[in-house]
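One chain is shown next in structure tokens, namely the form predicted on its own.
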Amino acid sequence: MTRPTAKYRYQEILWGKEGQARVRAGRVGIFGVGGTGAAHAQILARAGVGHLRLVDRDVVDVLDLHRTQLYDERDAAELIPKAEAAARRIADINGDVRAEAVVAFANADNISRLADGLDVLVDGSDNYRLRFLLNDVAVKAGVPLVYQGAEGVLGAVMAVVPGAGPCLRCLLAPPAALDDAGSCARTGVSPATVAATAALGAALTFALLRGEGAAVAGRLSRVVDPGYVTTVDVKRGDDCPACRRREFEFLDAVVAAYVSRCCGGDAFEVFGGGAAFELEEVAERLSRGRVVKRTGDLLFVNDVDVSAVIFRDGRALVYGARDAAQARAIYDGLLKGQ
């Protein structure tokens, strides 16, 4: 009998040498590294998953810290992009893991590129638009997806394994408000529920990496704080638009302007629907009468009553707005001179 490698000894005992080797060779993309995404990423990193692609559009906010395990008060004070803060922390946790930080708004234009080369996709999102987009690309490309979500004291996880079970569209119909549905900014969220949900999701990711997708496909587990878990089988929809009819409306959609309240933060995310910003030009123009700071691909702007973080890809986080309409007006005033 071959002696297990010291760092992963107990996993080799549990899964066998071949199973652990598959986990070590795995390439996993986590789309959204807030609450469930960050906890999921930490579990995978400690287990030695070889490559983690961490995709997130947001920065660390102090309101994230009660439930988000990879970040600290320094990250929040400096408004570090979540993907970068997560990658830095994972590098400290396990040097065997390559943590690839991608600060980006995942959308129909770039999701196929962001998912390319991955063995498993993980849903760590805070909105249903991205969830259904991930489902589309998973079904179309034949790549497994782990759906997970937590809101209030309720959590849910399910493995989508193309060809072996139902997809997310078999389980859920798209809500009317895709960008805000299920937002913890309105309902709150228990950190215990987030941790429990992410742990169940990570268990599915390990199973998928070990080649056990057929055994876990379509098993929906629901978490109710303080510790109740139920699991049911989800049936594949006879007329599912994604996995039956192969209609990928989210993947084929035109990327449009939007305003969305950020989950867990006192901010609105605004995307004008246009081209990427030339941050150098924006910084020069806005510096007249405002405090402007440039850090990498981020621009921090402070005005009398509001502040904003401007991303090169055409987005901004607007702080201090009372509602979506005012957030859009502030965005237009800062970036379009209106």
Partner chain sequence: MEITVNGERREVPDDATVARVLEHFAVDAARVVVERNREIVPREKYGATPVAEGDVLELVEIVGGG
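Bear in mind that the values here come from a model prediction, so they are computed numbers and not experimental data. Positions refer to the first chain, counted from 1.
The discussion below concerns the form predicted together with its partner chain, not included here.
Residue contact with its partner chain in the model of the complex: R222 places a heavy atom within 4.5 Å of it. Using a 4.5 Å cutoff between non-hydrogen atoms, L134 does not count as a contact of its partner chain in the model of the complex. In the model of the complex, at least one heavy atom of V234 sits within 4.5 Å of a heavy atom of its partner chain.
Although the partner is absent from this view, G34 contacts its partner chain in the model of the complex, with a non-hydrogen atom inside 4.5 angstroms. With the partner omitted here, the stretch from 97-105, 122-130, 204-212, 239-247 that lies within 4.5 Å of its partner chain by heavy atoms in the model of the complex is 122-130. Only one of P144, P81, P166, G155 comes within 4.5 Å of its partner chain in the model of the complex through a heavy atom, and that residue is G155.
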